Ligand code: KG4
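Starting off, we have a lone chain in the form predicted on its own, written out as structure tokens.
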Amino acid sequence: MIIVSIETSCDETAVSIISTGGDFPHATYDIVGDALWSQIDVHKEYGGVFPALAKREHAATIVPMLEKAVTETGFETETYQLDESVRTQVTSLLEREPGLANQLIEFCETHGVPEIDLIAVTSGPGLEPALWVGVNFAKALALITDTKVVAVNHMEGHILASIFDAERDDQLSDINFPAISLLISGGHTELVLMKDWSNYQKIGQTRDDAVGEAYDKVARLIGIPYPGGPEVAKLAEEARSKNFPEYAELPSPMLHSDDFDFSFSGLKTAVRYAVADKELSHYDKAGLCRDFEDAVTRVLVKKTIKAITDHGAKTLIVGGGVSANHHIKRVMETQVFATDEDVTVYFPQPGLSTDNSIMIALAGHARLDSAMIPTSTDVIRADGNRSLS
């Protein structure tokens, strides 16, 4: 089976072409084409992702990403001579993205795409204007190629990406259930109970800021440009390695609450008070970043271990962009093992922690039974608040 997968939930435009062999969850996955365009530089002046701009960038780059992914495959392509009815439908689907319909039609008529069996597209959660670009593009491509479409939950993609081993055997790891998944990114902080494959129950979530959002807001408070999260982590590591003294005593909100929810807005406010009207040296910034990251890590680790213990989990899956944070990974693995050495912990391989379309192909294959024929895709909607359970 050949899957074309599309991801436009935030500020990465990604298209992959994956060749699968076998049935989920024991299939093999060969990444034959993979293209990703990051909008980070575009959004820097806004200090974060600006939805209308993200939407425009997705529309401008999605056909070039498709072309790059197709070219990488080396597969023979099939060109399409579209009748007027299909042209009209494609144009109508993409009417809110000026020029995109013509780009896609021209590409399919002159360059063509390989024979494909499924199109997987992120339908949520994410920035709704950005999601609609990918959803409507997938519907249009499906009409042109007469291919089924499956709408994918972005968070399920992150979970599956964390247990996908592309370097060793191109398969999903054979995990033990029940499993707990901690999803940490710029837009999400969630704890999910996974009772079996494709069986999810969200048991905890942030009540305000996501953890990645908190990193970026703290970065702005101390004068680090967007995206600030990686630089905050870098400074925190410097403070640890050089044993800088504590800069500020910061809280770990909801650390002792008897639930699995999170809150990071109070921590962000504590940082604001700590830096108010002060000129921070590099030494000060590094110490404060370490104090902030330690506070975040304490609450993430404690809540996660509580979830593992309360639900008798045998597996921990950590996914999302913040899962690439070395300190969080180090402390999480050490403390989970100290609590229960029989729990297996999974983090994504480099390149699969941030948003990508490989994870969307994995989730699309998992939901193959819900794929729709092109003329039935009207029910597929972009949902910025789509929940995993």
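These numbers were taken from a predicted model, which means no experiment stands behind them. The first residue of the shown sequence is 1; numbering continues from there.
Although not depicted, the form predicted in complex with the ligand is the subject of the following passage.
Query raised in the report: Just one of 99, 230, 112, 266 has a heavy atom within 4.5 angstroms of the ligand in the model of the complex, so which one?
Result: Comparing distances to the ligand in the model of the complex, the residue within 4.5 Å is 230.
Query raised in the report: Pick from 157, 134, 287, 187: which has a non-hydrogen atom within 4.5 Å of the ligand in the model of the complex?
Result: Here the answer is residue option 187.
Query - Partner contact for residue 216 in the model of the complex: the ligand, 4.5 angstroms, heavy atom - result: So residue 216 counts as contacting the ligand.
**Report entry** Heavy atom of residue 212 within 4.5 Å of the ligand in the model of the complex
**Finding:** Although the ligand is absent here, residue 212 would touch it in the model of the complex, with heavy atoms inside 4.5 Å.
Report task. Classify residue 364 as contacting or not contacting the ligand in the model of the complex by the rule of any non-hydrogen atom within 4.5 angstroms, answering yes or no. Result -> No, residue 364 is distant from the partner.
Query - Residue contact check: residue 331 to the ligand in the model of the complex, 4.5 Å heavy atom - result: Residue-level check for residue 331: no, no contact with the ligand.
Report task. Select, from the options 305-313, 143-151, 178-186, 235-243, the stretch whose residues sit within 4.5 angstroms of the ligand in the model of the complex by heavy atom distance. Result -> Of the options, only 178-186 has residues within 4.5 Å of the partner.
Query raised in the report: Who in 301-332 is close to the ligand in the model of the complex, meaning a heavy atom within 4.5 Å?
Result: Residues within 4.5 Å: 320, 321, 322, 324, 325.
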